[in-house]
Structures are given as structure tokens and as C-alpha cells.
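Take a look at this single chain in C-alpha cells; it is the form predicted on its own.
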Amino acid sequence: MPCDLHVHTSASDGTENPAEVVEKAGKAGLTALAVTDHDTIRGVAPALEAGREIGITVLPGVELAAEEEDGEVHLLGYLFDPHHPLLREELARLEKARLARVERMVEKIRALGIPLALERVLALAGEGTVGRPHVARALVEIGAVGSVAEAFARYLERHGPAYVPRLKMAPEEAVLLIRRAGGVAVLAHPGLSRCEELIPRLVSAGLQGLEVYHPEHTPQMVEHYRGLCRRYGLLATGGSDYHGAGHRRYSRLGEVTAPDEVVEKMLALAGRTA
């Protein structure tokens, strides 16, 4: 039975609220999904409540961004204690840094002669964590660009004129944070970050899985990462990286899934039962 273990909601840069995503997952025939918003767990509680009402298993999750010399690396955490003090402290620090980053991006855009209002960017983020996608959507609204993709290409991608580096966390630090909070640590979409040389280091730090199945992974990549899972004794997970209908890349919930046995193995690793 299919499980989608990489899903975003409006708590970060998704376009649908947690309850809407869970309802859609139920209609799509998924037996389980994990809410893995960027640097926040605000969407977890409402998703869990919706899951109980609908009868679908919801796993608490988070996606943490870390920095390597060659670029960004993302770590997925599952089944952690959402009240763990170290986790809550770090997420609060990341949220504060996200706001400061967006404020600086807006300043840079305004310096280019584009009348972008910070208030509108924050309004688009709503109760969720603010980030580059909200800046991009605000640029589309005022007609500065024709699409979110164009906003990223012209202004917001790394080395773009409005790009601002994020608060840096080492990948090993992200793994340790997830593990200390009682969670399962998984390297997200390794085919995108091209960080294979990092895997042995992360395994030593406590990494427990690789996101083998992802919309951007070719069949050859899937086989390769399955092999790495066997080599290092890692769990092979997967998900659609869903961000909502109409998203420029990840708009199909359940497009990529993992078998439900993966959830059982995750629960065992976390010392929990369904």
C-alpha cells in the first residue's frame, strides 16, 4: 500500500493547509503520509488531527536545510518528540533567521527599483514559515515577473542579485538534532544535492535512511541509491515532495511513494508503535 513520506503544507511553502493535504491523501488512496515542512513543525498537529478523523496514518516530520561547501543538503526527520527542548530551540532560531533573510531579500529587490512590499510577502506566508517562494509569489503579483520560476531564475537563485544565504547548519548537526529528539534521520533527494561523498560521514553521525524514491530521481538513480542503502544498512524511503496543486515542480500528491513496510521499519527505529 502506498505511503507518501515527503509532503509540504502551508505551514511552510506548500499551498494547501495540513487538513486539506491529509484529506487529499485519503482520496488518493494513500495509507500514510508524512508532513515534512521546511524548518517547522507547525503543520504536524493539525495534520495528525485530520488523519485521525479520516483514518490515515500521519507521521510527524520536518525538512531541515544544511550547508556544505558545494551547496545545500536537506535532512528529513520523522517520528521525533515535537516537545523536545533542543528541537524547539533550534526551530525557533531557524524561524527567526528565515524572517531576517527575507527582509534582506526584499531590501535587495527594492534596491533594484522594484517596489516589493515586505508586508505582502509576510501575508502570503500567513502562519507558516516565510521563504523564497513567498517572495517569488509577491513578485508575480506586482507584475515584476511572469512566473515563480522566472522570479527564481532572475533574482532568487544562488548567485542571483537578491539571493541571501541562509543560516548555516552542518549536515551532521541536522542528523544529530533529529536523533537527539528521538527521530529517524533520512537524507532527502540525494540525486538533487549530489552529495554522495557525504553519506559515510552522515552514517557515522547517525543517519538511518536515504530518500531513494523521488520525482527527480531516474530509474538508474533509484537502483544506485538502493544499492547504497544495502551497503550502509539504511532504510530506503520515498515521497512526492508535494507542495500543492499548481506548484512549478511538485504538484502531484502520491506521484512517488514508498511501501507501507517502510513506515513499520521507521516506527521500529523510533521505538514506537502505530
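All of these numbers come straight from a predicted model, not from anything done at the bench. Residue positions are given as counts along the sequence shown, with the first one as 1.
Separately, the form predicted in complex with a small molecule exists; it is not shown, and the next lines address it.
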* Asked: Hey, in the predicted complex, does residue 149 get a heavy atom within 4.5 angstroms of the small molecule?
  -> yes
* Asked: Should residue 38 be classed as touching the small molecule in the predicted complex when contacts are defined as heavy atoms within 4.5 Å?
  -> yes
* the small molecule contact at residue 166 in the predicted complex, heavy atom, 4.5 Å -> yes
* **in the predicted complex, residue 133 touching the small molecule (heavy atom, 4.5 Å)** => yes
* Quick one: which of 152-160, 76-84, 107-115, 180-188 gets within 4.5 Å of the small molecule in the predicted complex, going by heavy atoms? -> 152-160
* Structure fact -> Picking from 120, 101, 88, 201, the single residue whose non-hydrogen atoms come within 4.5 angstroms of the small molecule in the predicted complex is 101
